[in-house]
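One chain comes next, on its own, written as C-alpha cells: the form predicted on its own.
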C-alpha cells in the first residue's frame, strides 16, 4: 500500500470510520476525492463525536451538480447546525434545487436548523400513534411491525432523533404488552388454507401487460422497482445540467403535467418493429403505466425518403397488440415550424452555423474543426434561409451545432437538404432535421419526464442537455438501458429489406424473421414476449440471448392457453378390421387435460384412422415403444389398443397401410408401452415448419461469416407439408393457437382460405415427440 493511501486511511479513521471501512472507501474514487475535499474544508476545526461521520455521509450522498457548494454544507456540519443525516440529506436536496440562488435563511429553514425536538414531544407523538393502533397491537403483540409506527412519528416530527424515537417506542410497547412470553417467541404457523383462499380471490388480469405465466415477474413488477427520478426532480439526476432558468422551467412543466410521469416511444416509420423494439415498448409504456402516467407514440418522421404508410400503420398495430394504448399519437413533423425557428435562434446565438463539408469530410472521431465554424452569423442566417428556400443542392450544405459529443464527435448536423416530399407536409420543406437535433426538442415540447433510450444514445446525452439549455427550454432527463440482441438473426431494416429483395424471405412478416409482425404470424403470443422482456429486466448491460430463451417463454405461456387437438403431420393409414361399431362414433377429447373445467371437443372415430408414420416400425429398435408387428400401442382418448395383423406396401416397398385389430384397454392382455395420437375422418391442413434462418450465431460478424450475412442463410429453413387434423379446428380463426398433441404448438396463418387451413409451427414441446 502506498504511503499516500496509508495517510488517507488514517485521515478517514480520524472522523470515525473503522479501518476496514476506510479501506473500502479508498476503493471508491469518487467518494475518496469528495471526502478529501471536505476534510480539507474542515481542517483545523475540532470535530465533535458524530460530526465526522456526517461529513462522510455527505461525501457518499452528494451529486456532481452540487460539487462547488460542498464547502457551504460542510461549514454547517462543522458548526453543528446540521447535526443529523436527515438534516444533511435535506441540505443536499435544497442545494440541488437552488444551485444559483442559495439563501442562508431559506436553507436553514428547509433543513430545520435550530429546531429542537424535546423528549416530551417524542413521548406524546408516540403515545398518540400507539393509541390509534392499540387493538391491533394487543392482538399481534410483538409481531406488530413497529417500523410503521416510527415512520408516522418521523413524519410528524421530521427533526427528531431517530434513536430517541426507537427507544421511546420500545419503552411504551413494553409498558403496554409487558415482557415477551413464550407465544411471542414461537415461530409463525403457516396457514395453507389462507394462502389458497387468497389465490382464489386474486383478480383476473386480462391486459397483456400484466399477464405472466406461472409466477414469472411481470413488466409492471420490474417498472415499479426502477430507481428513476420523480417528475420535477430532474436536477437530482447525475449528469443533469442545471441553469439559472431550470427551476422556473420546471415549475411550468409541472403545471402542465400535473406532476405525472410522461414517456414516449419514438420509432422511425421506415420499417417494421423487431424483437428489440418489444423491450423498448415495454419499458416506455410499462414505466408510464406502473406510475399512473402516460406514454405517447411518436413517429420520428424526419426522413421522408424511407417512410411508408404501411410502416405507420404496422407500428401502431404492434404496440396495441402488445397490450398498450398510446395516450396520444404524435409526429416529429408536427413540430417542423418550431424546430426551424429554434434553429434560427441557435444561429443568432452563434451556436450553429452552415457548413459545406461533405459527409466523408465530417466522418470519424476528433476530426479537425470545420473551416466554416466561425463564419459570420448573418452569413449563416442567409445561407440557412437559402437552404430552406431550395437554393442549395442536396449535400451542398448542412446546419451544424457547436457542441462536442462524449464520443468526440464534433458539431453534429442539425439540418440537411433533401428534395423529397413528406407524407404529412408535402413539399413545404426541402430541409429536414436530424435525430440529434429533433429528439430532445420534441421531448421538451411534449413535456416528457423520462426520455428512455438504449445505451448507444448515451454518447448523445451531452448534446441532448446542451441543446435544451441553449434554447432556454424545459429539459427532460435521458435514461439509458441495454439493448436486446438475439442470436441467429438480423434485425437491421436495410438487411431485412435485402433478404426480401433476394427472395430469401417473403416479406417483413415472414415467420423466420424476428420482426414483431413475423413473431405474431408464427404464433408467439404478445403476453409471452412481454414476460420475456420483463425477465430481462432494465439494466445498462446489453442482452444477447439465443432464440431458445424466448421460445421457452412462448412454450410456457401456450402450455396454459392453447387447447389440445389431434393432428397428424405425416399420415399413415390404419384400418381396424374388427371395428366394434356399425358406424362412425365420436370420442370426447379434453381441451386441457389438467383443467376439466375448460371443456372438451368431440372427434370422429371410425374404421379408418391415421397415425404418424414414425409411430409405426415393422421391426422396432431398442427402446422403441410404439406400434410394431409384435408390439401393441394405445390410442389416446379412444380407450383402445391396436395390434398389427397385416402390413400393406406399394411397388416400391413403402408401407402404405397397416391393418390392425383393436381391443378395449381394460381387456388388453398386456398394457401398451405408449399411447399415440390419431385422427379419423380428418380435414387436410398445410403445415409450415421453420428452422433457423442463419447457420451462425452472429451472421453479421465478418469473423464468423466472411462472405456476409446473405451467404449464411439456411436454404432449408422452411418446410411445407400436408397433414390431417380433426375437424374441430374448422372454425379456427387467424392467429388462433393450438397444441397438436405430442407434436408442438401451432398457429393459424393469415394465408388460410376456404379451401385450406394453414398452420405455422410456433415451437415444439419440451418432451421428445418420439415418446
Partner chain sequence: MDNLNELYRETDLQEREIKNLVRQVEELRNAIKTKSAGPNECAEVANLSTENIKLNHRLAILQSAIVKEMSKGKKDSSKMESIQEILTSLFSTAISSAFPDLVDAPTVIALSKDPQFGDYQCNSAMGIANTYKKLGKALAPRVIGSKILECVPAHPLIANMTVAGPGFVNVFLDKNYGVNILTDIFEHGVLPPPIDRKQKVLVDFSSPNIAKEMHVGHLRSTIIGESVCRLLEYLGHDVKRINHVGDWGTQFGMLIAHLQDKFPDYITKSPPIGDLQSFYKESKKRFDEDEEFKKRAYACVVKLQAFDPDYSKAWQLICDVSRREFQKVYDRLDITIEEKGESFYQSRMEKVVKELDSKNLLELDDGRKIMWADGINIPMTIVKSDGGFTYDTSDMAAIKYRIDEEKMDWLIYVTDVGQATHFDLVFNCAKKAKILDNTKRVDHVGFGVVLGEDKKKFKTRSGDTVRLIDLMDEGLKRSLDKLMENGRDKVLTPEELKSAQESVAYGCIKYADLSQNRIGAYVFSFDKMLEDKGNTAVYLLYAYTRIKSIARNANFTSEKIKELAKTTSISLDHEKEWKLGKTLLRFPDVLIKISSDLYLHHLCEYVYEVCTNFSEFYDNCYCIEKDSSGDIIKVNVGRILLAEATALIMAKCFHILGLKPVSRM
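It should be emphasised that the depicted structure is a prediction, and the values quoted were computed from it without experimental measurement. Positions refer to the first chain, counted from 1.
There is another form of the same protein, the form predicted in complex with its partner chain; it is not shown, and what comes next is about it.
Contact annotation for residue 724: at least one heavy atom lies within 4.5 Å of its partner chain in the predicted complex. The closest heavy atom approach of residue 481 to its partner chain in the predicted complex falls outside 4.5 Å. By the criterion of a heavy atom within 4.5 Å, residue 659 is excluded from the residues contacting its partner chain in the predicted complex. Shown alone here, residue 686 lies within 4.5 Å of its partner chain in the predicted complex, counting heavy atoms only. If you check its partner chain in the predicted complex, you find no heavy atom from any of 124, 147 and 711 within 4.5 Å. This chain lacks the partner; the member of 393, 248, 238, 379 within 4.5 angstroms of its partner chain in the predicted complex by a non-hydrogen atom is 393.
A single residue from the set 424, 418, 493, 316 has any heavy atom within 4.5 angstroms of its partner chain in the predicted complex; that residue is 418. Of the stretches 518-526, 270-278, 425-433, 163-171, only 425-433 has residues with a heavy atom within 4.5 Å of its partner chain in the predicted complex.
Residue 573 is the only one in 555-594 with at least one heavy atom within 4.5 Å of its partner chain in the predicted complex.
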